[in-house]
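Each of two forms of one protein chain follows alone as structure tokens, named structure 1 and structure 2.
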Structure 1
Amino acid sequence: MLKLRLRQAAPVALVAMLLLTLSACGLTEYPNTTFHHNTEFNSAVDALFDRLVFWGTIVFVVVEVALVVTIIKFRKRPGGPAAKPIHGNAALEITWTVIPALILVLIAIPTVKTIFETQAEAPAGAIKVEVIGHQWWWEFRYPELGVVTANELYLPVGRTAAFELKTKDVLHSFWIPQMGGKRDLITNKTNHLWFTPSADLPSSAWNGFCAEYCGSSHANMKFRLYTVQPDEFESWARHQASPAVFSATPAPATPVIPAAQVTVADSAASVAAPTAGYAFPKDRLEAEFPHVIPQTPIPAGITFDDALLAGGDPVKGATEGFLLGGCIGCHAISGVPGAVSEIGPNLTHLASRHTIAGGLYRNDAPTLARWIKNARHLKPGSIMNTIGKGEYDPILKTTNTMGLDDRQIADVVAYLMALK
């Protein structure tokens, strides 16, 4: 009777196994997978993972076969002999103690080896990057290059990046799945992480995340990594380190005012923009890396007159909006005296970035206008004040009776979008 049941169940089990195998080998792309050898870090971790899965599979198969054989062979039968106790069988007890110990050794040796490899000091010549976690956005500082940016990280392929991981508030965790490595940012402590994007990589874009619950907008704390060619990185870094000046009207003959002499009024006048540095091409993102382009919809209930954006005045946006509207109290812009606050993201070359709001939204004029108008409506828990006049603040539970109207916000947007 049992043999008959097993024969009937075998086809069902076979079909189930085939379906399970097919589901695991789907054709879908997984852009955030960790199983790519893009750095020495995730190569080492992936090799360890493969080894542990290999030995774990062997142990599973041996144990399950032994279990099935035991169930069938030693099952109770009518008229069968009574079971014999095995207590006191020293050879058997030693065997089932030694075998697991050997398995643990096989697991422990490569695990400890990988831990030491990934915890070692970064090689000499690595690019130093300070990673500072905020609720809920990322700050990136390149102290040797004089670059400060937010939510978008650029690294050259073939060169090691050494990260110093810090937090301004609660625990966060820095993770770029395709580069490997996930390390926590701990209050009052600096953690370290390093990896080298493979020199064989073409210029590419990757997603980064906070992998440690850090509050109401934890899931909205994202960033982008752009691995670029060395010359592209040098161009990007050189430009990012320059002060923020822009041209309100095309004026190619006007000389660039030195950084030490730039004022808000100067930067809002017809100051010729410096040669733009490298930024990852937007058309390549759309064609090759759509998974890094934010798809977050604007929440219902916030409106803006987009027609005003076409006539935004960057001069008024710099003076009456950014300076007098209070933006200067939280944001820094290199080259603008007084704009040195580190409470919010550095806006020096904001228009060269593809995302805003901790990587949550696209960086375009309509989205930026709504973000300025009521950031807390777009991102729960944001510490950015509600600036739009007449807007309801979901944290303070009050309506803003002062603030900027849509025309004034359009001017601020025109100014910020000129900061290439």
Structure 2
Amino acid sequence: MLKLRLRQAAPVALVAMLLLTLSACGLTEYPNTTFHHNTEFNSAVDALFDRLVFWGTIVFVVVEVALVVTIIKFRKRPGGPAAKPIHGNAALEITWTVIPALILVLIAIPTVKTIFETQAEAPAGAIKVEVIGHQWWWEFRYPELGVVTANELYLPVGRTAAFELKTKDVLHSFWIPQMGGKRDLITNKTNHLWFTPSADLPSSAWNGFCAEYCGSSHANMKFRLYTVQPDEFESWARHQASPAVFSATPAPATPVIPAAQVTVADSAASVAAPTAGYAFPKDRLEAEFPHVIPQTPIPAGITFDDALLAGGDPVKGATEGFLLGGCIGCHAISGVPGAVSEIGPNLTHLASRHTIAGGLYRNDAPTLARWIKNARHLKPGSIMNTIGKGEYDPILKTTNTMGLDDRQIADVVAYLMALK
């Protein structure tokens, strides 16, 4: 009897250890684990999950041990005991009906409790974030702060974030494994989700995913979350709410241009260059959060002369390329009249973001150039069309006779890179 107990205990310990190792594993090794208690939501889920694992393991061990013991003990042997024609045993059968039922009660009670807890109204004082799904990128709006951005979400630690989830097209699902469970974005409906990044989190970066199949580039519909300190958030939000300006040094070989000249002439909003706001520091990402830096290789078959980038003229990019390329038809840049479309991501502070295209690529000049040249080559199914002259559009199945040449693209890139 004792021996049997020991034998039962061993696998329990084994599985438990395995799970423990996994859940305790470092951020870098399993950066998207669901086991970290970074929010109250995730703590609640994980408590429930632990209970499920506990009972699941017990059921597993009981069944498998009983099975193995039975088949070993009663294997047919010469001279072994003859089979007994037992038809059943009511007491036994009732036992193994009742015991699972009891276990299920123990699971069901905390389940229902947690359902009601996690689906209650968000606590007062939460910061409101609108999440709008698009094939295949994320739009984030902070209506109280006047911020509109894409693919990169900032949240202050210690404050509840209450999400309003909507979609512009098909279904998507909003999921940051480290912060808690997912919630679907449903057409013609608004869904809700809230959680509070723990107040003692250092400023950190996390991965987010689209978890509902949404077409060709569902795999490429990712996003980043930066949980930052309240003052950092404050600074970020204030800056993001401001209109576009050339606040940073423009590309070399170009004289510093007053903002007013760059943006289309009568843009009133673009006069003053505000002090640059907070953005999650790139060097910290590289050092501490490598998992949020895209590794996606640029697909073969697209060429761009990177030497041109150095000479990109942001003014020409803004006044010529951005219009000729038709960018204005799809992208909004706050402060630029006419650039108000919501088809594509808002580019007002593009250069303050670390990734583009649903977290698929790094945001740097060479990648941007290739992206603009042929987004559909870089991202399957992309709604953004192929813009480079002479490029093959894999969806329209035609080669562009019009469009921007590399020189013009370099100008546009210079402009975009200046949109800090």
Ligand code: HEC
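All residue numbers here follow the sequence of structure 1, with the first residue given the number 1. Just so we're on the same page, rigid core means the largest C-alpha set that superposes within 1.5 Å between forms. None of these values were measured; they are calculated from a predicted model.
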Self-check item: Number of the structure representing the form predicted alone
Solution: 1
Quiz item: On a core-based superposition, does A47 travel 2 Å or more at its Cα between structure 1 and structure 2?
Solution: no
Exercise. Verify the C-alpha shift of A211 between structure 1 and structure 2: is it 2 Å or more after superposing the core?
Key: no
Quiz item: Quick one: core overlaid, is G301 moving 2 Å or more at the Cα between structure 1 and structure 2?
Solution: no
Quiz item: What is the C-alpha shift for L92 between structure 1 and structure 2, rigid core superposed, to one decimal in Å?
Solution: 4.1
Self-check item: Core superposition result - C-alpha of V59, shift between structure 1 and structure 2, Å
Solution: 2.6
